[in-house]
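Below sits a lone chain in structure tokens, taken as the form predicted on its own.
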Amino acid sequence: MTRMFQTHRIRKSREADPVWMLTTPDEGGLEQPEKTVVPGVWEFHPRLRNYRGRGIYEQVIRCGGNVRFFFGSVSFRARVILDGRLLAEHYGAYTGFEVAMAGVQPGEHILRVEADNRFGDDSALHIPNDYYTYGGINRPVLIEEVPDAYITYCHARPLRTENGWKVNLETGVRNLSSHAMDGIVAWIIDGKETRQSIHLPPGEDGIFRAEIACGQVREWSPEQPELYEIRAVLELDGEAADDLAERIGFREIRTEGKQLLLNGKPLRLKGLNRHEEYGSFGLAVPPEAMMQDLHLMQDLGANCVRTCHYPNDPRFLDLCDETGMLVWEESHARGLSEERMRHPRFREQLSQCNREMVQQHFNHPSIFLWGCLNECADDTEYGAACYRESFAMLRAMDPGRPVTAALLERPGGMVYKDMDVIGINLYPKWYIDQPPAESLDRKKKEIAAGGGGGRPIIVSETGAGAIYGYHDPFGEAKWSEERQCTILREQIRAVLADPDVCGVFLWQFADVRVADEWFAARPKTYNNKGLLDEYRRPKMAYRTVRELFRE
């Protein structure tokens, strides 16, 4: 299941069988090929816990005609091969990609996917980091039969007008054939329909736009997350040949002075940073565990989540749409120095991630902020230029959402005036011995001096570490659960009492594994600042945050 709802009624689409044959040819791999399950990560094989290398997945499939493969995520380099023919290569673990092939002979074929999670000179974004870079096919794989022309995407942007709501529509159509094709694209939402004639040159893509007036509708909000289906249908030779359904919510996100507004009402954010990881599954989190996370967040009193530091599985975003959990979604880049940002492939790889994130997740009403470049070199001229370039790209792709970045706790930031919403990461009482209110005041003065005064501010990270089960009720030593509670209590109260701040995202929801290179600063080779451990066992801080968020 690649989504949490039915996306096609005409197109023949199925998920690949879950059992694949896995070969690990590099040092530290398995001696013989073994069966494994997709989605999954190879680190949960007992002999591949720390394996960095290539994983070669093979499966015999039955298909024919025009075939489209969609890979939700492969970590982090991928090569797709059908019957020995290379079809595509892709970089990046956290966004999907498609491969379409015309005229496949009906019958059995060997589908081969080569995944590679080795760090190397070709990678600017995937580097040793404060989270673990898993290997494998970690989101579902789709196998589809498509006509000579098929729908590649459908974006729907709701807009409030004096006469109610309207939807601006944009749909991509791909012509796989060697001849020009004419047809019709029809869009249907809430019983209303509009149609447009289209022409596609041989072997080319077309983008088609339209608008539907929807009038009075039920608006989407965290309290009432109302969803509507938007369906695009492609007609060829007078008959419906292909379709794609998406879900949208009618809601408006904008800034006004220091406030962030949802449907004209100020947001008071009580949020959590969540890595897409679970102790039993690594990066390949199943929907049941995703839903458990959302239930825990709601029990805590949280109304928002940040997808640190990469785009999340669209199934998780679907569940956020369903439950009303607001989402700050962030493209992949964390903690990069200017030297790393000058990597010859940095801009290319960041732009690709930005583009795929927005393209694939555009319709989710729960997403209220696009973010990028967490804790990178915003204090240098070159780094600031990269931020501005990324902000401009996100705005151009989606003018309906504000853009932001979570900036490191240090002086000298150069991009405060360039963001719609300013995110700041502050760790008073943990990394610096300063009262949280003083730390926040100091940062606000710096933001104002840097041209960011009068904009909404979010404390995008704050928190403290604790090892699950380690207690020191007398001295409250660092890494004790008692010390984590005390620090979080001070931090949360200071932020929520500040009228200049829209809210807070706690670091973090649950403990996560980190790269082995970070072991010296991270007990157990985990980032232990979670309110729960990696298996979702609550620490004492869970109850503390629950009380404060629900006050």
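Numbers follow the displayed sequence, beginning with 1. What you are looking at is a predicted structure, and each value in this text was computed from that prediction instead of being measured.
What follows is about the form predicted together with ligand ADA, which we do not show.
Only one of the listed residues (334, 157, 355, 109) places a non-hydrogen atom within 4.5 angstroms of ligand ADA in the predicted bound form, and that residue is 334.
A heavy atom within 4.5 Å of ligand ADA in the predicted bound form is found for one listed residue only; from 313, 293, 375, 321, this is 375. At the 4.5 Å threshold, heavy atoms of residue 276 stay clear of ligand ADA in the predicted bound form, well away from it.
Within this chain, residue 539 is remote from the site of ligand ADA in the predicted bound form, having no heavy atom within 4.5 Å. Although the partner is absent here, residue 481 lies well away from ligand ADA in the predicted bound form, with no heavy atom inside 4.5 Å. At the 4.5 Å threshold, heavy atoms of residue 489 stay clear of ligand ADA in the predicted bound form, well away from it. Only one of 52 to 60, 521 to 529, 489 to 497, 30 to 38 places residue heavy atoms within 4.5 angstroms of ligand ADA in the predicted bound form, namely 521 to 529.
Residues of 282 to 320 placing a heavy atom within 4.5 Å of ligand ADA in the predicted bound form: 309 alone.
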